[in-house]
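Just so you know, structure 1 and structure 2 below are the same protein chain in two forms, each on its own as structure tokens.
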Structure 1
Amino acid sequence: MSSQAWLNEPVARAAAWSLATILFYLLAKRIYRFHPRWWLMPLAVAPALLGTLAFVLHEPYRDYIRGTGWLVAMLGPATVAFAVPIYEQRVLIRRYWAFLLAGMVMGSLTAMASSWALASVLGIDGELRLSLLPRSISTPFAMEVSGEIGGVPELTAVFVVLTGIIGAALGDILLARLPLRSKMARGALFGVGAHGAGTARANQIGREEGAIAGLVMVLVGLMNVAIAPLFMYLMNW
């Protein structure tokens, strides 16, 4: 079998794209280690490299995501790993649970309202609008919510990555300009506004900030999954 025919095999194509994704991500991490700038975050560099490769090879996004779906599925167990720092900060969480709950509710409502407003301004409707709504929660939860409300989960994953990159960058700007002295406030800002990318950035700032960001990220995701059926009911009412 020729190399061209081998690459046309579904299993071979899936393996090739999976390997490319992993290698590009490792390369992006190495670049970020030596040059820690927000525009060089692995979540920005790796997709840019993959997108360029897909464009050169004329590879449809649907074929790419079909071959790398198992990597997306791994995000679920990875999210559960945030339970460790959350457990370590359980005393702080019990003390400020009311503030955290209020922040998560208001953050979720603000994210959905801003997504709806953005879609209206850009004239986006239908599945595309519904895919944009859960952009501010971590990928495994966002894809679940997107499927529940009638969006396209794979497209939602793209919006989530873009939101994480922009949110992490804006988070640094907000920290420099807002008088947020509390570690809980700083962590919650990143967890609500930039989910996984924000939590990674919060961990760089401090362990407590990272724990709060991880807690908020997971709980916001669970909350959105729980209320997704109610959202659909209200939409169809």
Structure 2
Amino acid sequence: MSSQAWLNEPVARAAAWSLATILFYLLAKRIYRFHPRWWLMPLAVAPALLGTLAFVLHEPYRDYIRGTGWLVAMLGPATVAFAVPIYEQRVLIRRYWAFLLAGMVMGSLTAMASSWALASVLGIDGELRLSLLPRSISTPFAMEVSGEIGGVPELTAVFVVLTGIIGAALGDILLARLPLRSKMARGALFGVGAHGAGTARANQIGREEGAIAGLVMVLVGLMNVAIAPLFMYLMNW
């Protein structure tokens, strides 16, 4: 009993879980470097290992996130960081902004319409169906839109995360099969389809892809927040 007493100290517990998260992340990254398969990607392997550990130690998520929430908060400065590649690609972006806008509009419409249609076909309705709609955009935007249109923001946050994992893997598979000529199309695919997780993946593929994905991720989030009231108006009409 006494050997586990230190684990009851909130600070020690937070430090231990933070350290475990970072170590499993580094391990998962290493595994992926030597075996680059889509099902071995760090975003799937590290949480699986951590989840197993949390299960074995009977650690509820509430306590885990209390200690590691600061890591999630670092998504803030990581978003700020995308100002740099956007600045570097400003000539390209200024030249082709209309095409990117077209991609974002079409992508957002597809996200909403296909989620709605598929959920309806599979018998998912009510709040759950509405919570699925804004899942392609990054969490703060998605939760805002979800609340606006009558979904459950907390559920949307979970769907956003799942979209990120699935999208990062799907993106690789689609890139290998679609005859896409431009880096811009490849960046937009990740930014509109899988928000931050997709952007992180696009950044590994290339600097230009990462810059486009980062820009598009932010703009598509803003765009969705802006049109959510309009969407509600049409729904009620």
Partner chain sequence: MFIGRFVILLRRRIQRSLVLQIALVGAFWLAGEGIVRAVGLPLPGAIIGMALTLAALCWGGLDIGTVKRGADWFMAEMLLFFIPAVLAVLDHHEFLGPLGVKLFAVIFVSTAAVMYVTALTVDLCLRWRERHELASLVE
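Between two forms, the rigid core is defined as the largest C-alpha subset superposing within 1.5 Å. Just so we're on the same page, residue numbers count up from 1 along structure 1's sequence. What you see is a predicted model, and the numbers here were worked out from it, not measured in a lab.
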Which of these two chains, shown alone, is the form predicted on its own? 1
Superposing on the rigid core, do we see a C-alpha displacement of 2 Å or more at Val72 between structures 1 and 2? yes
After fitting the core, Ala20 CA displacement of 2 Å or more between structures 1 and 2: yes
Displaced residue check between structures 1 and 2: Ala46, CA, 2 Å or over, core reference: yes
Using a rigid core fit, what is the CA shift at Phe55 between structures 1 and 2, in angstrom? 6.8
